[in-house]
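Starting off, we have a lone chain in the form predicted on its own, written out as structure tokens.
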Amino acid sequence: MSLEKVKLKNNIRIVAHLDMDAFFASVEEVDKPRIKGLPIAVGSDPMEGQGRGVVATANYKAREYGIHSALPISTAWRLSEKAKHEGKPEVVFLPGNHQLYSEISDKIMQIIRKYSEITEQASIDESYIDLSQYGTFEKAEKICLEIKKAIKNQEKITASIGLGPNKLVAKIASDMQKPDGLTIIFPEKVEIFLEGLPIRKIPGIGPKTEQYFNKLKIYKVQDLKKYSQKDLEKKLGKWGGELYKKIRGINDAPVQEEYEIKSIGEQETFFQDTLDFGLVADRVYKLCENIIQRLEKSDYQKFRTVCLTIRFADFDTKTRSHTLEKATGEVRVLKGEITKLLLPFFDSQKNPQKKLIRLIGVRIEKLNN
């Protein structure tokens, strides 16, 4: 069924955004019944507060301790210790089982596709679903409840869904009543719904942009709407024009049936900041091997662009890339190109202050067959 045919029914567009609740941690609870009900953090090894990575996912019990995704694992460990001293259960730290998460994610997508032919998997734990074919929001609501029930019955985990007239509104709505929520925003209620939200709820507004607007006494979307499109473009460039539409709930992006992989990348945070080329190169080459293995399992066979990311101990981050004349799928070529990009950071050319390296990342782009 084509998107155009779906959109033509009653001339109404209905989009759902499904977001699994604390997905990795929820899957771990089902897989390991002994830890069910305990606070769980999936991510790097905390190493008794000396770990260098971050939390990938924390369940809602762990969030009560102040632990959340992207939090430094060392901070999460200290919060766990604090809770333990207060007589609360300590956090269960798990390294993660991405193969298991992928398998469960595939099963959830199979459930979703029983209800809509137009489904876009945005990530391992979230999907957009075009429900326009059902004609009304009332019928779409019933479908959402059926999807949530099917996932809960089959996989024993919960999902939250936002239902709205486009992808943007649906995504924002899905975060409103977590966990296990369903939030419906009818077309005529979109602007009222958005106006009362903190500006950080708008996709694309991060900490720095929030701070910038806060200095201008802009805290909620309704404050931001006082600025014209021209004013926002003057302050933020092209993105200002996009933001003008976002805060009014305007979004025409279709739900894509096929999610196109645009790049494959991996990164690693070192346990100790270093300038040991042998150590860094060894880890970089391992990342290259992992990336090529993932490439071979994807729908693509070759790449043309190689990207290297370096993050120093002071969190200064540099990215360098090179596009090959001819696409390749050879790990030997990837390692060679990455080495060329890496070497300058070990001399005065790119690293005159001899700053230690905290994180290394490798990515391939312009994938093709």
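Note that residue numbering begins at 1 and tracks the sequence as displayed. None of the values given here were measured: they were computed from a predicted structure.
As for the form predicted in complex with a small molecule, it is not shown, yet the points below apply to it.
### Message
I'd like to know whether Val30 contacts the small molecule in the predicted bound form, with contact meaning heavy atoms within 4.5 angstroms.
### Response
No.
#### Entry: Partner proximity in the predicted bound form: Phe345 to the small molecule, non-hydrogen atom cutoff 4.5 Å
Contact check for Phe345: no, nothing within 4.5 Å of the small molecule in the predicted bound form.
### Message
Please tell me whether any heavy atom belonging to Ala22 falls inside 4.5 Å of a heavy atom of the small molecule, as the geometry stands in the predicted bound form.
### Response
Ala22: contacts the small molecule in the predicted bound form.
### Query
Within a 4.5 Å heavy atom cut-off, is Lys189 in contact with the small molecule in the predicted bound form?
Residue-level check for Lys189: no, no contact with the small molecule.
### Message
At 4.5 Å by heavy atoms, is each residue in Thr57, Tyr60 and Asp125 next to the small molecule in the predicted bound form?
### Response
Yes, each of Thr57, Tyr60 and Asp125 comes within 4.5 Å of the small molecule in the predicted bound form.
### Task
Select, from the options 299 to 307, 332 to 340, 66 to 74, 317 to 325, the stretch whose residues sit within 4.5 angstroms of the small molecule in the predicted bound form by heavy atom distance.
One stretch meets the cut-off, namely 66 to 74.
### Query
Just one of Lys225, Arg294, Lys148, Lys178 has a heavy atom within 4.5 Å of the small molecule in the predicted bound form. Which one?
It is Lys178.
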